[in-house]
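Listed next as structure tokens is one chain, alone, in the form predicted alone.
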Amino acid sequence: MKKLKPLSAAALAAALALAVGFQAQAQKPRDEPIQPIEPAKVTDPAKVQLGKKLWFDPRLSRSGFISCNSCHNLSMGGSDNVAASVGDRWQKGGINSPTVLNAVLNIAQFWDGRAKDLADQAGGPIENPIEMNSTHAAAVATLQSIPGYVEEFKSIYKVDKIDIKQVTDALATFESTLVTPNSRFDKWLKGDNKAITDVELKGYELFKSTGCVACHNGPNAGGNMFMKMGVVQAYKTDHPAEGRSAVTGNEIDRFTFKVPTLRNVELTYPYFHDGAAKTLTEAVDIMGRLQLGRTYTKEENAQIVAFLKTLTGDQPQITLPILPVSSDKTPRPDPFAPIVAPMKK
């Protein structure tokens, strides 16, 4: 057998350079309609921690029982997995609760976009008579009666008296950290060819070629525009939500909603503003027919669903906060107390 000669130093260097070149090419970021989500940048950790406490504190509600996490459960994709949330005194919520995960990337908040940002949104549920059924004044008074909160607000905001703007600012700061990077699809976008399967890739190609990316694009795969529900065929529902027209007053905006994010979508069932689609398979079928005029085959539907499941990213790792202790002046929880008169906003 002929003995092989060892490679020269120059040949070894050339082979190594070639291998590195191939690896760099394989890891080259892809230019796609959807972009990767990047990790949150925390610039004020003390405010984030305060916001986290407020997020989990049910004392912001009239009953002392409902917190922000009740309807946006961070253990369940930032939603509650029911068509309409359960609010004060077991009332049925008015619309399907959207996920809070990656909400900081949305063009606006709520399905109809009536809140311009997270801080603007955070004050809404507190005063909503169906949700937390309190008032801003009552919620702030409760916080002001808790020495631990008074101390934290003073340390962060340099004030002795708490106000609702500080409360919503702290909540928004915490919510802005609830992003989910590092999904398998993000890894593929960044050049890892093995991050998704052939079936999932076929699903993404269908997602692009049939027009889904016209609305579901950008880092959040949605959330950056408003669109009419039922472009090709009318969407039939008995749900009373008017959509964007309730904000603008324009009839042309009726039944136009903020396009939901598809990030972590396998976790945030049921789907649509009325929660009518119980599964991704059902949602893909309805969206194909109503928005695109396309009836997907069973195989095509399964491929798109497989792709959508690659959008699940790293979930926020939350350590439950120990909430400041109530004082003797803090209202005690009584979720069954009758309301003598309607709460005023």
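Position 1 is the first residue in the sequence shown; the rest follow in order. Here the structure is a predicted model, which is why all the values come from computation and not from measurement.
Although not depicted, the form predicted together with a further copy of the same chain is the subject of the following passage.
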Quiz item: Might Ser70 be said to contact a further copy of the same chain in the predicted complex, defining contact as any heavy atom within 4.5 Å?
Solution: yes
Quiz prompt | a further copy of the same chain contact in the predicted complex: Pro36, any heavy atom under 4.5 Å | solution = no
Self-check item: Touches a further copy of the same chain in the predicted complex: Gln315 (any heavy atom, 4.5 Å)
Solution: yes
Quiz item: Does a further copy of the same chain come within 4.5 Å of any heavy atom of Glu152 in the predicted complex?
Solution: no
Quiz item: Between the options Leu74, Val247, Ala103, Met227, which residue brings a heavy atom to within 4.5 Å of a further copy of the same chain in the predicted complex?
Solution: Leu74
Practice problem: Identify, from the list Gly87, Gly123, Gly113, Gly218, the residue with a heavy atom within 4.5 Å of a further copy of the same chain in the predicted complex. | Solution: Gly87
Quiz item: Looking at a further copy of the same chain in the predicted complex, do all three of Val199, Phe272 and Thr295 come within 4.5 Å of it through at least one heavy atom?
Solution: no
Self-check item: Options 40 to 48, 56 to 64, 283 to 291, 27 to 35; stretch whose heavy atom lies within 4.5 Å of a further copy of the same chain in the predicted complex
Solution: 56 to 64
Quiz item: Are there residues in 252 to 288 with a heavy atom within 4.5 Å of a further copy of the same chain in the predicted complex, and which are they, in order?
Solution: Glu266, Leu267, Tyr269, Lys278, Thr279, Thr281
